[in-house]
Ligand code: LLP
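The chain below stands alone and is given in structure tokens; this is the form predicted alone.
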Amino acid sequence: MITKQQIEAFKSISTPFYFYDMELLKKTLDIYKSQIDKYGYNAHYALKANADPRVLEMIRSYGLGADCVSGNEVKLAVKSGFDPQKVVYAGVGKSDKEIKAALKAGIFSFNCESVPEIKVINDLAKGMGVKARISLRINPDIDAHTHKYISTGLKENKFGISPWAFQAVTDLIAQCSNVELIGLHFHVGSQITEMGVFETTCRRVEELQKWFIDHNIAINNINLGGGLGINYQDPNGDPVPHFEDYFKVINKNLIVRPGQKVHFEPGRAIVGQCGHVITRVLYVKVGKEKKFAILDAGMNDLIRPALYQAYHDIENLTSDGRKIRYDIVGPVCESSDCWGQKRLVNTAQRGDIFAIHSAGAYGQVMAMKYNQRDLAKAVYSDQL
């Protein structure tokens, strides 16, 4: 929750900007780390959620590895001090240049998503005189009950290798002298709040890994990806994801064989609630049927509402007037630049400071200069 002292500090800072509650990030990491240590699990933070330098610095200090989905993310992870032996690299379209850079860095594993990709990695590794460790990203055909744009585990999604291709994949690996299969990787989607989805995933993991065991192929690592959601509706009342419940479900339902290591790739769950977009009201526009609160932050600063019709809680930090319904919109020249319709917030006037909550994940990292707007800066709670 943003404090009165912080709100006073915001008044002297030009908007929009990203505000990071570093104390909440630390609290979230403390709880997450205690849970993975309790069960002996391994974690690789998903850089795609937020790559702010201060945020990465704190996450790395907890000993987490990095989950990357591009060559530049691999480079950033290593540059930011993450141990290359804790870096995993996923993505359906890794280029030769990216693969070579990751091989040179000596990363822990490539999460491979197709037969052609495995062949290319083997050939490139052979040319460099190295051996690449790979995990197979499996498409388990599980409905994560989330937005269609962030569902990744259904058979019609572009991600992963389907069970019908297992024989062809293992036949190819047997012929490749420069790749080593070290595990299986599963990721069914993002912003999952139904724990039953993770129960189903664990059962499906067991069904699928049995195929490899029956074919005398050792599976030393099981990577369950990420996906645990946050509470976008009540970020102030529920700021830390329910890690204890999540890991209890995993521990109860996942069959772990002797010598196997279990990995996770948290992103949004770690950083989502610690970030906010802080913005000012430019104008209050009164129409025949609606009132509009026009902010100086736009879809270029946080694209989720425009892209996914995603909900973010919005709060007027500097007004104690009665609550009124507004369509809250941004300045970008697009009708989709709308933060929320008929939102009930304290009476707004020009200059009021609003907070768009739960913006720590997929906010700053996806920012763009559309309409040639400036990129917003980051402000940190421990520097106010």
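Residue positions are given as counts along the sequence shown, with the first one as 1. Just so it is clear, the model here is predicted, and its values are computed rather than measured.
Unshown form predicted together with the ligand; subsequent notes refer to it.
- Residues within 4.5 angstroms of the ligand in the predicted complex, judged by any non-hydrogen atom, belong to 186 to 194 and to none of the other stretches in 287 to 295, 98 to 106, 248 to 256, 186 to 194.
- A residue is said to contact a partner when one of its heavy atoms sits within 4.5 Å of a partner heavy atom; residue 46 meets this definition for the ligand in the predicted complex.
- In the predicted complex, the ligand lies within 4.5 Å of some heavy atom of residue 308.
- In the predicted complex, no heavy atom of residue 160 sits within 4.5 Å of the ligand.
- At least one heavy atom of residue 226 is located within 4.5 Å of the ligand in the predicted complex.
- Listed residues 304, 242, 86, 133 were compared with the ligand in the predicted complex; 304 is the one with a heavy atom within 4.5 Å.
- Residues 265, 266, 267, 268 of 241 to 272 are found to place at least one heavy atom within 4.5 Å of the ligand in the predicted complex.
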